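This document starts with one chain, in the form predicted alone, laid out as structure tokens.
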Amino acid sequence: MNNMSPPPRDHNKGPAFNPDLVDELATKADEVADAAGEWKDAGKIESNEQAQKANDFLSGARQLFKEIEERRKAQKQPFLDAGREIDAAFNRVKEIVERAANLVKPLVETFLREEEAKEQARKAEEERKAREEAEAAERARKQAEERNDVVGQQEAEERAEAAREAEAEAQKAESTKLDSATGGGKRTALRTRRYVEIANVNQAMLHYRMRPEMTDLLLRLANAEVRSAKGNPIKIPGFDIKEERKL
């Protein structure tokens, strides 16, 4: 009896990229890393000649980095193209289904809203009747108390308690649920979706002023504005514009 499990699907499939190309680039990267270590061990550039050689090293490292990135993109591009083709094909079909559902969805929403309105009206009427019954029971209790009718007081208190329970039950909010006609669909109900709109942008920013996300957003906006100035003088309220010299 053979107890060996079947090989996994695509077990003989090769890597998604060219490993020989990666090995070739990795060898070049190792050479750059070794050279960088030698420069670091030297500790300091002592002459213009050394600086020029270091500059050549940086140029070569940048060029290799650019080559690796270009090769990476070239290796990945067929997969990106294939992914876009797959997305386009499936998304077109999904869009048909979504549009079809969106034709019917408002009809169901309207029906459920109308049913909820009817249920709320029914609950309100039940609540009104229960409240009136509780008030009537309270009056009966007082009348029984005035004539020293112990049995009447007990009955009136029981009526009042039952009325209060009915009123509390009527106040419970319940959403209208829509079942499936065939049993194949899921039970549906309207959901409450909460969302916000900015009413006062200054107050909103003041509220979130200590959040790091707010700081990051402001820095991104300001840096984008500085870059768009392309070196020309610029002032941005609330920001100090700094300059530094670096490669």
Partner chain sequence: MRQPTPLSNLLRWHRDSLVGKRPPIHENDPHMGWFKVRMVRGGPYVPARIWIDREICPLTGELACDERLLCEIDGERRDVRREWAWLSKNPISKAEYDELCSLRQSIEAMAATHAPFNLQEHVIRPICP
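Numbering follows the first chain given and starts at 1. In this text the structure is predicted, and so the values were computed from the model without any measurement.
Keep in mind that the form predicted together with the partner chain is not shown, yet the notes after this line are about it.
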For the chain seen here without its partner, which of 30-38, 213-221, 186-194, 199-207 has a heavy atom within 4.5 Å of the partner chain in the predicted complex? 30-38
Is A42 one of the residues lying within 4.5 Å of the partner chain in the predicted complex, judged by heavy atom distances? yes
Can you tell me if E67 lies within 4.5 angstroms of the partner chain in the predicted complex, counting non-hydrogen atoms only? yes
Is there a heavy atom of D56 lying 4.5 Å or less from a heavy atom of the partner chain in the predicted complex? yes
Could you confirm whether S180 comes within 4.5 Å of the partner chain in the predicted complex, counting heavy atoms only? no
